[in-house]
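One chain follows as structure tokens, the form predicted on its own.
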Amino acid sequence: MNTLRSLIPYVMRYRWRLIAGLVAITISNVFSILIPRYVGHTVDTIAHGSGPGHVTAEFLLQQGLIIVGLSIGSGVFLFLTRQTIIVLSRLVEYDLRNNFLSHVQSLSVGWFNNTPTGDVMALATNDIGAVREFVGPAVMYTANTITTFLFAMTMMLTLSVKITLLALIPLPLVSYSVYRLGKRIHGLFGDVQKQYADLTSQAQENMSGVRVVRAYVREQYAIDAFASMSRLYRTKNMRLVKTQALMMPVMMALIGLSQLIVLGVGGLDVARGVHTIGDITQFFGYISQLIWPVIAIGWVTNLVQRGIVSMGRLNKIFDMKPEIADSSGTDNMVTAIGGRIEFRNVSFRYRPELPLVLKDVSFTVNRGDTLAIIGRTGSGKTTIVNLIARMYDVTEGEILIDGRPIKSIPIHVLRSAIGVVTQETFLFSDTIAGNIRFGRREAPMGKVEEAAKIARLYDNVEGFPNKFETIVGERGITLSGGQKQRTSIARAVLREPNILMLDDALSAVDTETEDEILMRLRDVMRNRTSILIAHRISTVKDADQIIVLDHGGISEQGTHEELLELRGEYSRIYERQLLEAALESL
């Protein structure tokens, strides 16, 4: 139960709603607990009537109206209970889900790289749903069980202490059964949730990679793999269901044993004249009212166990601290950055057990200058972009922005000043205008169109039936690779950042389009610090400074002309690309 303590702050926000619900369920049970008393009184009046006129129609109508009134009162307050406690659980679910998403977004990029999307989705759906069922139905039916049990016991004891105590004999068996079955359910539900996460991950990968699956004619393989995981999920669910299914029969059997005791012992007392038929009728009424609360013990136990498992899984995420976050060393007086970037002997590895990706890298980019980075695949180009945006922290060395250590700059200030086009273009299932506005939601349409023109996207968009209101589909699936890249460029340009980083952002466009985009970007880049990562020399040759990365280190550094004079790796790449262009023109 310690796991559920983290829910207390969520529930306390709506404590008056909870209190009102508990009061309502108490009043509801007061009404319902009086019903057997009036039924018993009516039975005794009928059974002991001395003459034909003793039990009148008026008497029966009066008793009937009282019983109906009590039933209506009980129902009204039961409705109010659901309107308070169940609604409270939905509010807690809303807060919990929002906090979960907010916290997950604060975690490091490395966590996302190592955590399947399906796991996150399972936590955000199934697990939060299970916690909501604990806060709502479990709390409501627990309160109902406790109040009903106390009221029924009080009324039964006033009738007969002996019969009441004998009727309670099966209750220890109820407690033991609930304990054993609940413990079993706890473990089984944990297995089900883990399998559900794996199943969700498999489905997400199949849907996201559907084009690759079809291109390699692997549909049947994907179907079989998913079916295998589904069968395992079904098997684990069936184990859980079979265990849960034992709850109600066990409870009903034990309730039946209590009724049998009341019938035997109470019947003898009626025969001896110790109790009336109305008294025994009341006993049966109270035991009947206990049937659902006792059965609810099993169901509530399931909900509690599921809630404990799910909240435990959620707490593991909430307990994680972001690796990249503002700290005591953050200077909150910094509200803007200019854009001068300096790497001082920077080395970096993604995990302690992995080799260095960058090794003793040093360079300086003055404000308003353009730095170009080229190198083989895996040489560390994208890592430099990630370090500047502080998606990761350096392993060794230091990065400075405007002469300040990057860790001293508030993260929101740093990233708000950066516009980046990532190597793997990502678009949201939104309109083209919505994707371009993603980093600047308030931008007027004129600015959106201007950014699209700079990215050479405007003419394409004008050819679409809905123009900028065209929905691009999940991950921009309805656009070509070049159109997606140009949409990302427009998104970065619209933000008007002080630092603009293009990570191989022109790889999907032809050289003619690339030249036009670069020409239009020159005005954008003139007063901004720019970093261009590319494989084509044509993309980087006009940069103020070019560095060549090789195996994580800088092998060459200078301007286009200076690097050609070195006759090194840069020169070889340039000559090879000139030859390729000449061959293509033949």
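Everything quoted here is computed from the prediction, not taken from an experiment. From 1 onward, residues are counted along the sequence shown.
The discussion below concerns the form predicted together with a small molecule, not included here.
Visitor: Tell me, please, which stretch of 162-170, 234-242, 395-403, 380-388 lies within 4.5 angstroms of the small molecule in the predicted complex when heavy atoms are compared?
Guide: Among the listed stretches, the partner-contacting one is 380-388.
Visitor: Can you pick the one in 48, 41, 535, 522 that has a heavy atom within 4.5 Å of the small molecule in the predicted complex?
Guide: Result of the distance check: 535.
Visitor: Considering the small molecule in the predicted complex, which of 271, 354, 333, 227 comes within 4.5 Å of it through any heavy atom?
Guide: Answer to the contact question: 354.
Visitor: Tell me, yes or no, whether residue 350 is in contact with the small molecule in the predicted complex, where a contact means a heavy atom of each within 4.5 Å.
Guide: Yes, residue 350 lies within 4.5 Å of the small molecule in the predicted complex.
Visitor: In the predicted complex, is there a heavy atom of the small molecule that lies within 4.5 Å of any heavy atom of residue 327, even though the partner is absent here?
Guide: Close contact is absent here: in the predicted complex, residue 327 is far from the small molecule, nothing within 4.5 Å, heavy atoms only.
Visitor: Can you check whether residue 113 is within 4.5 Å of the small molecule in the predicted complex, heavy atom basis?
Guide: So residue 113 counts as contacting the small molecule.
Visitor: So, in the predicted complex, is residue 364 in contact with the small molecule at a 4.5 angstroms heavy atom limit?
Guide: Although the small molecule is absent here, residue 364 would stay clear of it in the predicted complex, with no heavy atoms inside 4.5 Å.
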